[in-house]
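Given next, in structure tokens, is a single chain: the form predicted on its own.
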Amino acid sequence: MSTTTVSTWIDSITVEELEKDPNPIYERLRKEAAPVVFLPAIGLHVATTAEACREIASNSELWYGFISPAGGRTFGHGAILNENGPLHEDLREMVEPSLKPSVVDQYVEDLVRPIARKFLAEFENDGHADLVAQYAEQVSVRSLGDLLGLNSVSSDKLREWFHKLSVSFTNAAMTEDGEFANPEGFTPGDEARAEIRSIVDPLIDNWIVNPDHSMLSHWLHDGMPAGQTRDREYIYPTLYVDLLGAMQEPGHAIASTVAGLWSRPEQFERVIDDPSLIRRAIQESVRWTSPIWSATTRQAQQATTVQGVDLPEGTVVMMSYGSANRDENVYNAPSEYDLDRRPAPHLAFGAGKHGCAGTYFATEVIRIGLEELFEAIPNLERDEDHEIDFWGWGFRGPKELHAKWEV
């Protein structure tokens, strides 16, 4: 099957439509198009089904990690997302020690639970809140920020950075001649990177001579010969990745889990009554609305065929994990949130050698954040005066999540 046989309606898809809601578009792609299809709006092929995504993501010999044009423009090259071979192995060895489950278990409770309680204390007596801005994002960015060693950076500043980097990373619209359709869309990311450098450079200067237990200090020193550290230019692209995806994903997932449970009130009440169900609620949430919806890419190192689609050497494919996680061939009624869904593997955290290194840490942040929220405000209700408006196709979650409760 050749991608040239796909109906021409795909040519009319816009990035703006994808940002608003990629789900109906990708549902149609899964049904009418190929498992891998060229999407002119972003100038890339996209993998739309669970089988195609898993086949590509799991074969690191044939499919190399790659970065989308907008991603490369946002992070620079040399990030953990797009390196391969020994460089990728070194970057994984740099970031993984602090994120191994056995290590996370040693610090995550003492790190995250006080953060969650602090932010809850700021609004739990108000009787209302936007759980995205006032809680989910705050817990997410503060937890990773403190782990990295950015304790001196305010939570609002960390939120500003990841929002600006997100705007830049998802500025993916391309012209027919392969140029960015909106070059000005990268300005927020440029501003964020400049400010990050101005704040983190002095911290790095100190960590070089005074190492501590922060993650960034470990990035500099671990695995290096005595008296040497990794060059900061080597570290920064992966730090930008963390300040976007790693900071954003737990916050989105906290909010999406609440929104999903609100769509099934009886299931919401069960989780409130039995916190042991929170882990199951999270797994269904990240399947239902994958926080990193469609942001990682792979490049074919030779001509190949994926699920009947012929792809030449050098083809770049974006892994649409949010689409894969709603594949009708894998899940029954996939667009519905269902706590009682029969467990099935999902791709919310990717797969293969380039799968998310922080999966366990992120899941624990989400779990603790939800445990504290539901314990502090067990009578939490949706404020129906406000819509729940999900946004994004690269990264996806509710823009706002208004709640109310009796004080």
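One rule holds for the numbers: they count along the sequence shown, beginning at 1. Computed from a prediction, not measured in an experiment: that's the story for all the values here.
From this point on, the text means the form predicted together with a small molecule, which you will not see here.
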All of 241, 246 and 295 with a heavy atom within 4.5 Å of the small molecule in the predicted bound form: yes
Proximity of residue 75 to the small molecule in the predicted bound form, heavy atoms at 4.5 Å: yes
Any non-hydrogen atom of residue 395 within 4.5 angstroms of the small molecule in the predicted bound form: yes
Touches the small molecule in the predicted bound form: residue 81 (any heavy atom, 4.5 Å): yes
Residue contact check: residue 135 to the small molecule in the predicted bound form, 4.5 Å heavy atom: no
Option touching the small molecule, based on a heavy atom within 4.5 Å in the predicted bound form, out of 169, 219, 161, 288: 169
Partner-facing stretch of 189 to 197, 295 to 303, 308 to 316, 111 to 119, counted where any non-hydrogen atom is within 4.5 angstroms of the small molecule in the predicted bound form: 295 to 303
